[in-house]
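Just one chain is shown here, as structure tokens, and it is the form predicted alone.
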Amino acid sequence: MTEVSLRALKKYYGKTAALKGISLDVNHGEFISLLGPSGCGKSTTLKCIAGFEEITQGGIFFDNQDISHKLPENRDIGMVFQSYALFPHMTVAQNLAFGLEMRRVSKSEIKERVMRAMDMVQLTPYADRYPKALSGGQQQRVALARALVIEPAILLLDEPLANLDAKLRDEMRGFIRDLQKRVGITTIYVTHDQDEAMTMSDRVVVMFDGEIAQAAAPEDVYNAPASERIARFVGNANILDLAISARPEGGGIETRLPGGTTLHVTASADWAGERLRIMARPEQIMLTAPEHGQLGGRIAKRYFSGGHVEYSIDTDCDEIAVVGPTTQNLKEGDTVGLCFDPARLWPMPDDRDGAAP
């Protein structure tokens, strides 16, 4: 297993900065996802690590060895592309063997490693088939096996599931993550799909405008985003802009909802300013009878989504999204009460001057 370190990495295309001095350490055997909107620099970062793009400034290190200017073939990486990039005139077994042949591995070892790789991705019965005779998921597994059969130090994946349908994407997420855990290989995965990043990764690295905005465990990125921009990009976020009413000696901050209800929020008592912006995720809000709610509202829109119902509630705190159970008999136009769990509210700095993702 190999550790990857990016140190003040910069990449310019002419005068345009694609990467603005990013630094990141990826631990041995860790699975991280680079997540962000189009043009944020995530694919450029991966291409720099792979050696497909020449860096402008900074350094790339594998186990503290500077590989910044090595050719791709000398970096000991396995790469999986969005397009799979399989050789159409070669069978599954031949596609897997190709990289080993280029490395002048003995025929007996090639045969053994190819068989082991096909078994790993459950494709042994398809050894003699050509890519056109395989489904999208099977082709993706061939591409994954081809990257792993050379036994690289690092596995790089560039939006490998983008071309698959929703059901197959879900299946392949679990397959790739389980395989990565079994093999124990250091993996860097690029995606714009938040569900992929959240379900597959040890850490999620959120990127905007060529910079790293937050690098943390999926739960922390979701529940404790470093900025409002991250909160709105990762999942659905309600942002309540409330006046600070008190700073109790016991800690935290008290804010007041329209209607007079006090909310005690876990935040530093020396929080600057007289207002506090608080994130509440839709599934963290409970709908109840109007007289029992901390905030009143009216259901403007209702969407049935299978296992839950999504509501858009008009309130004096603007429109608030809520996710509720299908057992609640609520309809559009109903007056409801909203209840917040103070322990799950997250205060954040006001970064509204930043560009939207």
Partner chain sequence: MNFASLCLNTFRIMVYVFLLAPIAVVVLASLNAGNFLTFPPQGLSLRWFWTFLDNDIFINAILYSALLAASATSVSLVLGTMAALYYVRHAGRDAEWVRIGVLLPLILPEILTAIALLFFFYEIGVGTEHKIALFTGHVLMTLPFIFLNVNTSLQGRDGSVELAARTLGASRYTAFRRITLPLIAPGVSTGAVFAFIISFDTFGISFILKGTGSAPLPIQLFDYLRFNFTPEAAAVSTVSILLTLFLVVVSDLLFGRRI
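These numbers were taken from a predicted model, which means no experiment stands behind them. Numbering follows the first chain given and starts at 1.
Here the subject shifts to the form predicted in complex with the partner chain, a form of this protein not shown in this document.
Residues with any non-hydrogen atom within 4.5 angstroms of the partner chain in the predicted complex fall in just one of 292-300, 30-38, 64-72, 319-327: 64-72. Of the listed positions (245, 83, 266, 236), a single one reaches within 4.5 angstroms of the partner chain by any non-hydrogen atom in the predicted complex, namely 83. Put simply, of 107, 167, 181, 103 only one has a heavy atom within 4.5 Å of the partner chain in the predicted complex, and it is 103. At the 4.5 Å threshold, heavy atoms of residue 275 stay clear of the partner chain in the predicted complex, well away from it.
Contact check for residue 176: no non-hydrogen atom falls within 4.5 Å of the partner chain in the predicted complex. Residue contact check for residue 99: one or more of its heavy atoms lie within 4.5 Å of the partner chain in the predicted complex. In the predicted complex, the partner chain lies within 4.5 Å of some heavy atom of residue 88.
In the predicted complex, no residue of the candidate spot (20, 42 and 200) has a heavy atom lying within 4.5 Å of the partner chain. Contacts to the partner chain in the predicted complex (heavy atom within 4.5 Å) from stretch 203-230: none.
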